[in-house]
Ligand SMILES: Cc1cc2nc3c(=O)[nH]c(=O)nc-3n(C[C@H](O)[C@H](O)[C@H](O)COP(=O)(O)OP(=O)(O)OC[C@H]3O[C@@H](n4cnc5c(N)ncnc54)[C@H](O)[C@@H]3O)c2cc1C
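Okay, here we've got a single chain as structure tokens, the form predicted alone, with questions on binding and movement later.
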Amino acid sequence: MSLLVTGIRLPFDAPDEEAFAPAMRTCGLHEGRPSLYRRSIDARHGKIQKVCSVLIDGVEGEEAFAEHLQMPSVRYKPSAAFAPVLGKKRLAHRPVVVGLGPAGLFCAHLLARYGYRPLVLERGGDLAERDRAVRRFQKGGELDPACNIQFGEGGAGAYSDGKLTTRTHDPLCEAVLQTLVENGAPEEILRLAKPHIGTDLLKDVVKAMRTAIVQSGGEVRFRTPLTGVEVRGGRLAAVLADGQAVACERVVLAVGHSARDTFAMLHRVGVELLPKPFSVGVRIEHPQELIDRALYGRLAGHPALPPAEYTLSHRENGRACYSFCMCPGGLVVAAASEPGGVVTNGMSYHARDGRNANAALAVSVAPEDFDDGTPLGGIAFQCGLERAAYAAAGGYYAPCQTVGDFLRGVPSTGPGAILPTYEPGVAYGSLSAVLPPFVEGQIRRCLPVFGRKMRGFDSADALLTAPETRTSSPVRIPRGEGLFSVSAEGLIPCGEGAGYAGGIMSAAVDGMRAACRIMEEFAPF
């Protein structure tokens, strides 16, 4: 147990240890053991500062002491040690985890760690095979619908910036970070307010966690898609793994936001699904130097400052437009998972040292925008955009337009000073052939607004690459008491695909929550 002192501001290049004395003074303490808890850079209001939070141990009666101070910047922090409760009932069959993205990976890892020997079904290949498939597609080769940036070991999160930020304050967040470090992630993620790993390092962490699952008695079956679910009398009885029945009492369904065939199968067999809001839009690219100058001014490039990142949002006409999944020094990547469709996404490596920054500019889409009388209308909406992009580009090239041409309403014939990073390449033209009018119009209205918030954001040479369609799942699989699907006792919808997470951290937390639900009911094998 500790005291947590927040909001300590220092010069951006000051050593972290300089936060300790102000933390002690804030509490009026002369004795204690201070240590850094979190740090971030605040570049708002034209003044760049380091903002630190400090833990102070060795204070007697920490909880009462913090309550007595009655200071918003000082609070009692209980121990974050994770200790799951284990049940007494016996499982007849191993728990099954479907999907090895962040939710499924953390669920299976926790189950295996405590002796539950999970069986993991993953439609894609392991990361070695997956890397080969992704590189082949990026170089103009065939798309593998089962093994790509969306599917395979690590899920969509394995080809991302590896951001570990989340809006949730669930205590399991610290357990997620600690698990990542134990499996090879840099220890700095424990101290950064906006931690990230980068796809290059994250892949090794994912492989280490999978190895730990297997060494602890679990099993991972790659190239084994979920093809069916058997429900008898409202209870889960079995799943079909690539057509073969697997008896089970508990299944964690962590299939990710792009498992469209799985959603259709669940709908056919009577598992309740609901349409869910999501967002679609484009990827915008700028030189990273421009973003650094916009946020850091004359201090841009200082070695004590990380590559700058931004968050922008604007609401107009009842609809939001916002930046999403910003990747400093990153790449725009080909993220299609179905033949005949184009999908873009963003990723970056740990160093974030690429020439361009990119982010999604996403516009909110509500169920009334795609209502077709079924819960799968959002999927059809996404598919329509992806196929329109494929038709406009004449293949898996991504439609691309400069911001200047986009705002003037004229097709682009080539780039300006900024070169695109997307592989296998872009097709210059007009995004009007791809984006729905309400999405195109909202982005056109918001670009100048964002340009006023961040100098140069709406510069004429900035690039818009389309479409970004996989920001989140277009469906939710409702779950009730005990996290079970309301249609099938024993089936636990989990993570982004089920509509209960958004990003690596919240998906991992939801995966651990699903594992805890099984563990508190049943004993290990």
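For every residue, the number given is its place in the sequence shown, counted from 1. Computed from a predicted model, the values in this text were never measured in an experiment.
What comes next is about the form predicted in complex with the ligand, which is not displayed.
- Across the options 229-237, 156-164, 77-85, 107-115, residues that bring heavy atoms within 4.5 Å of the ligand in the predicted complex belong to 156-164.
- With a 4.5 Å cutoff on heavy atoms, Leu121 counts as touching the ligand in the predicted complex.
- In the predicted complex, the ligand sits within 4.5 Å of a heavy atom of Ile504.
- Taking the partner from the other structure, the ligand in the predicted complex has no heavy atom within 4.5 Å of any heavy atom of Val403.
- Contact check for Ser279: every heavy atom lies farther than 4.5 Å from the ligand in the predicted complex.
- By the 4.5 Å heavy atom rule, the three marked residues Gln150, Pro225 and Gly256 all count as contacting the ligand in the predicted complex.
- Comment: the ligand is not present in this chain, but in the predicted complex one of Ala398, Val98, Leu180, Ala359 has a heavy atom within 4.5 Å of it, namely Val98.
- Residues of 330-345 that come within 4.5 Å of the ligand in the predicted complex, judged by any heavy atom, are Val333, Asn345 in sequence order.
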